[in-house]
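Before any questions on how it binds or moves, here is one chain, the form predicted on its own, in structure tokens.
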């Protein structure tokens, strides 16, 4: 199923942006685990809407309601299901989209696949709102990885092509003032990941992490280590020399391979970057088509949208990476 991810740590995300609720069902959590709900709430708050001048004014508490799998605050071995109620929706803003698709969105593709049965309100199942349950699954994986000495931290490295904080802020402000939007790049570093996770070919760690990260709406590219820059390198520059460190562990002097060789972790930090496109919902008038009258038309998007989705995407990248790594860790132990 396309809404499910993982083999040992497996979760399924459900709901739509303006449905009564969205949520996730998680399998593979160890029994007796007591989630730190305060830490999970803080993690979800980093993704929640309404938190800054460049985000959507839609405000949602993103407070998870656990309806199965927990007894007295501990996992009991049953699948864990958590809901997040949608309490601040304005579905009327999207009525026009039943016949006029937004450029850059999934509206037209969804029409071709699902026809008139699709849910257009808030983007339906294609909405970034569905990253909230992803952050529940990933947030719990982060807590379990921390017990293993593994940390997953992401940060913004550029917005609108700018890399300095002041220039990033200026790029977002200029785009918002113009009724436009900007994208950016997020880098994630996963430290403490043991060597030997992953499988060659289609089960490689790049494959697994990329699959999870591409589940985040607006991600258009993922690169590991030196990424596309390796295409301009010589082998002598790209190769990472091995050495024994003071503990007797095998390390590499550099990390162009991003902690993964042959699809298998090397023990070096796993490093990757994800490129996010600009928010496609913009205030500027755009060209589109009327799917009913078969005419070329103009579209002015209504609703509440982010001028830069990158700001709220950092915890989503961490969640995706954590889920993929924890799943591989359980697999390596035959669990």
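Positions refer to the first chain, counted from 1. Please read these numbers as outputs of a predicted model, since none were measured by experiment.
Beyond what is shown, the protein has a form predicted in complex with another copy of the chain; the following relates to that form.
By the criterion of a heavy atom within 4.5 Å, residue 77 is counted among the residues contacting another copy of the chain in the model of the complex. Although the partner is absent from this view, residue 167 stays clear of another copy of the chain in the model of the complex, with no non-hydrogen atom inside 4.5 angstroms. Taking the partner from elsewhere, residue 247 is found to have every heavy atom lying beyond 4.5 Å of another copy of the chain in the model of the complex. Remark: residue 15 counts among the residues lining another copy of the chain in the model of the complex, judged by a heavy atom distance of 4.5 Å or less.
Although another copy of the chain is not shown here, in the model of the complex the stretch 9-26 places heavy atoms of 10, 11, 12, 13, 14, 15, 16, 19, 20, 21, 25 within 4.5 Å of it, in sequence order.
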